[in-house]
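A single chain comes next, written as structure tokens; it is the form predicted alone.
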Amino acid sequence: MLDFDTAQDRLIQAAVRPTRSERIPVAQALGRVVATNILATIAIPPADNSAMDGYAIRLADFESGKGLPIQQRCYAGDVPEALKTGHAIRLFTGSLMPAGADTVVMQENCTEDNDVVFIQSTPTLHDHVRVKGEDMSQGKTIILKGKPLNSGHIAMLASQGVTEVDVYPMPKIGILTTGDELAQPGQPLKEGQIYNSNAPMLSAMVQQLNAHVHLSLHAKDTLEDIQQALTTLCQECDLVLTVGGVSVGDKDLVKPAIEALGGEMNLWKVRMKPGKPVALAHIGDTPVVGLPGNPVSSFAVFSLMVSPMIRVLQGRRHAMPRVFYGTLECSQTFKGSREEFIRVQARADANGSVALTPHEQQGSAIISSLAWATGLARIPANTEIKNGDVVAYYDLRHWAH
């Protein structure tokens, strides 16, 4: 068995970064990965403007108790006159700064009488003035290649007047579930059957990463059926995930099916719990990852080992999210011969530290624990870990998205 870190690295290395891009409307670009550095073509703001409703003045004209005649009232979108010496111009938030003005006094600190403004507190030079380009200067890189676009990026692009953006194609992911004991949700269960929860779960996890489930198939437990499904998936997808059938039982036929198709096994079995039966192979140029059949095991392997692969296929700058640390709060002691990734809930304690509470049932068939958990805590192999110990924490907000 390979250790977890080596296996994780091998899966990442098996993914190939995209080389082509496509241009799409900015309105459809949320979550897509930028294929080139994006530069600001205009300054934001495009000119000095007021950050407040108030009065534009020349600070040198201010004298305590002295009123300044209001020269003009200027709204956002209007072009103000040049400020005359000893005068003020009434502005509103976003109004252009008049030539000659250097300070805005907010209206709360002023009173008006017969078109004369009286300033009640001493202003400071450049108060409440937004300077041209203070947000984005013309020619500056504003979004780096490999960044997934969020709503803030969309706002930046829109502020630049951009309507289309070059992004990498969404990787096409194929899913193959196996097992004659599985029934599709919505169908009546026969004796000895269970519903196929892995396929919907993995489809949702792929979508959370903003990748595309191109094809999801289910194969009977025959070598011929599995080979046929694998052939179809590998012809059409950038990455194929199989579920179940990679252990050593009589009907664990995924491994022999891959080998029968000329696939090269690069990895088989990982020293981790849950998730020991993990396989990595290539059929042609398509990487195939064999996931364990237990839903919790499949979930853990996808989150920790497959999600970085998909980030590489998407062209993201960083495949590996950050690993945090937290303190276990539990009554039990953990120690095993494999790295163990236990389902936990994280919360900040009174000191701001992260406290991790394990789910009371850590079996690999406890599906309800997946909805309960906020992340996975890593228990090192051959190490006794107990209440109060600090462990690595894989936050699913980062690892599953």
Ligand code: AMP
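Residues carry their position along the shown sequence, with the first being 1. Not measured: the values here are computed from a predicted model.
Not pictured, yet referred to below: the form predicted together with this ligand.
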Problem set entry | Which of 106-114, 321-329, 165-173, 197-205 sits within 4.5 Å of this ligand in the predicted bound form, heavy atom basis | 197-205
Exercise. Looking at 148, 295, 100, 123, which is the one with a non-hydrogen atom within 4.5 Å of this ligand in the predicted bound form?
Worked result: 295
Seminar exercise, completed: Among 315, 287, 274, 244, just one has a heavy atom within 4.5 Å of this ligand in the predicted bound form, namely 244
Problem set entry | residue 177: touches this ligand in the predicted bound form, heavy atom cutoff 4.5 angstroms | yes
Exercise. Does the 4.5 Å heavy atom contact test between residue 181 and this ligand in the predicted bound form come out positive?
Worked result: yes
Exercise. Any of the heavy atoms of residue 127 lying within 4.5 Å of this ligand in the predicted bound form?
Worked result: no
